[in-house]
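Next up: a single chain in structure tokens, the form predicted on its own.
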């Protein structure tokens, strides 16, 4: 053995698998409007994000409380006044005529139905079933005289600080 040092081959152990403890993506939404046309975007985006395994919270403030109010959420309307983007077949000024809010609401419900879009209440229920946090703004409730029992089951109550605690780690933040 000519002075060569013989070494045994020492088997190397496989490297430990890298375990990623990546936290889920988060979406934080503020819903401040309480009309039928404003009700759809928060629940469509929230239900979609939840289906994509994102953590989602919607903070309902001011008129947005109507969206989680037991009675008011069943009577959401579309205003034909001051909404020039609404595809009404008549001039915007006609929206001032009594009964036009009912007509605009009927038209929107009809369009959504023709497009096979779920009703707002159904989408809101999907959000709750999917774990979307629905937070009613306590300050707004106090200002507007809304009580906890006026809201749908599954809602949380909280102030701006409780929503911001969630939103500070959000990957997506939306105001609607």
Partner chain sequence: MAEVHQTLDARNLSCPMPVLKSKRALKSLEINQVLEILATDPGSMADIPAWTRTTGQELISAEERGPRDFRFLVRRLN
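Model, not experiment: these values are computed from the prediction. Residue numbers count along the first chain shown, from 1.
Just so it is clear, the following notes concern the form predicted together with its partner chain, a form of the same protein that is not shown.
Note on the partner interface in the predicted complex: the residue among 33, 144, 107, 123 having a heavy atom within 4.5 angstroms of its partner chain is 123.
Its partner chain is not drawn, but in the predicted complex it has a heavy atom within 4.5 Å of residue 50. A residue is said to contact a partner when one of its heavy atoms sits within 4.5 Å of a partner heavy atom; residue 115 meets this definition for its partner chain in the predicted complex.
At the 4.5 Å threshold, heavy atoms of residue 129 reach its partner chain in the predicted complex. In plain terms, the part of the chain that comes close to its partner chain in the predicted complex, with a heavy atom within 4.5 Å, is 52 to 60 out of 52 to 60, 133 to 141, 147 to 155, 66 to 74.
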